[in-house]
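In structure tokens, one chain follows: the form predicted on its own.
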């Protein structure tokens, strides 16, 4: 059993790293740069990213390598934090590795469906092998979904792949595959929380995870309604079966007559109350709400799993923002538009 000292020490360490994260002014400075090399040079001068970029030549690095290097740094940070006080012994603390595995398997299904196995292998960043026991190289050599399924025998993903319905060409439905894999990820995550924690700590981390699922479901529901005209039944069937809000509240969103009505319903929830008319997409508004919640969580919580989960969520958002800036500068997008795309 971990004592309060170890918990406090880990939380303090996380907050120390959190204090070095990029600010709005840092991102504005990045946006003002003329090219990717200048952005990398700036990042390497910050306390936050001096270490992972110390041996990098800014003039030769490309966007994909930069993203991979920073993602690996994020995972290394995560692994250091979980090993700092021996936290990795609890099932919950492997969640980030499982999240990466889930994403890679979704990409693999798409690659196998379209005969792009070779490009999947060559695009695999080195960080995906950190802590994962999956043989993704062996999976990528497969030329069909049944072959991948066979390779996954003995792993936690075998039953999921076995459940895929294939069309006449042997392709799995990517939307269905993604839903089943993400459902497994969150189901396993919530089960590990139940196994690893008790009392108020279990309740707190469960709420943080379920809030994240709510936001994912609302964003996806809006996309399905606005862009594809999905019915309420289709939306419900395509949503992750976990929620912090009541079923009645979520059904009220899903059963909206059209996209504007759904947006109105979302604005009435705890997740949409801070959305403004200036935000040009539901993704930016909801993502900003989630980011603020995670920041508030780090400030108020004394629970290691809660603070760690919130911190890693913020790290992922920070990385997405860096990629947006790099892409914007690379393609000479107006600086005001780049800043508008950031979640900060």
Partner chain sequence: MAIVKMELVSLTAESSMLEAVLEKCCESGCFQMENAITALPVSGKRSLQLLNDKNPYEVPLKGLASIATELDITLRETNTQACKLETDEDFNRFNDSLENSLRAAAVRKQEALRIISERKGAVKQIEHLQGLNEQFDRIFSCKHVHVRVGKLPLESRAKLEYYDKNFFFVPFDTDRSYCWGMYFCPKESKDIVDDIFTSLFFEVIRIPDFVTGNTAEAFERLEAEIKEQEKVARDAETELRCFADVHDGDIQRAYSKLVHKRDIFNLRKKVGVLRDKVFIKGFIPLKEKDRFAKLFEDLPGAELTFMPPDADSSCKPPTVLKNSWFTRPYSMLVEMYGLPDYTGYNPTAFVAITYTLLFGVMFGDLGQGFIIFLLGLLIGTKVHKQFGGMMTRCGVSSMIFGTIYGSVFGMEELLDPVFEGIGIDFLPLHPFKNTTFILLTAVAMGAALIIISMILNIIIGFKEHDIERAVFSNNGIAGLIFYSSIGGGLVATIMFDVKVMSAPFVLFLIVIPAICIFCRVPFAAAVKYKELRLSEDGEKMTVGNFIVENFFEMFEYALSYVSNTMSFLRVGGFVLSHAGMMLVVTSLMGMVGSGAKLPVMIIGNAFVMIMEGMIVAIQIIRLEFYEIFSRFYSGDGKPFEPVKAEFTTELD
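Numbering follows the first chain given and starts at 1. The structure displayed is predicted, hence computed values, not measured ones.
Unshown form predicted together with its partner chain; subsequent notes refer to it.
Residue contact with its partner chain in the predicted complex: residue 69 places a heavy atom within 4.5 Å of it. In the predicted complex, residue 124 approaches its partner chain with a heavy atom inside 4.5 Å.
Put simply, residue 176 is far from its partner chain in the predicted complex: not one heavy atom of it is within 4.5 Å. Of the heavy atoms in residue 253, none are within 4.5 Å of its partner chain in the predicted complex. Shown without its partner, this chain lists 234, 88, 118, 195 as candidates; in the predicted complex, only 118 has a non-hydrogen atom within 4.5 angstroms of its partner chain.
The listed set 268, 159, 103, 143 contains one residue whose heavy atoms approach its partner chain in the predicted complex to within 4.5 Å, identified as 143.
When contacts are defined as a non-hydrogen atom within 4.5 Å, none of 18, 207 and 212 contacts its partner chain in the predicted complex. Here the chain stands alone, but in the predicted complex its contact with its partner chain, taken as any heavy atom within 4.5 Å, falls in 61 to 69 among 38 to 46, 284 to 292, 298 to 306, 61 to 69.
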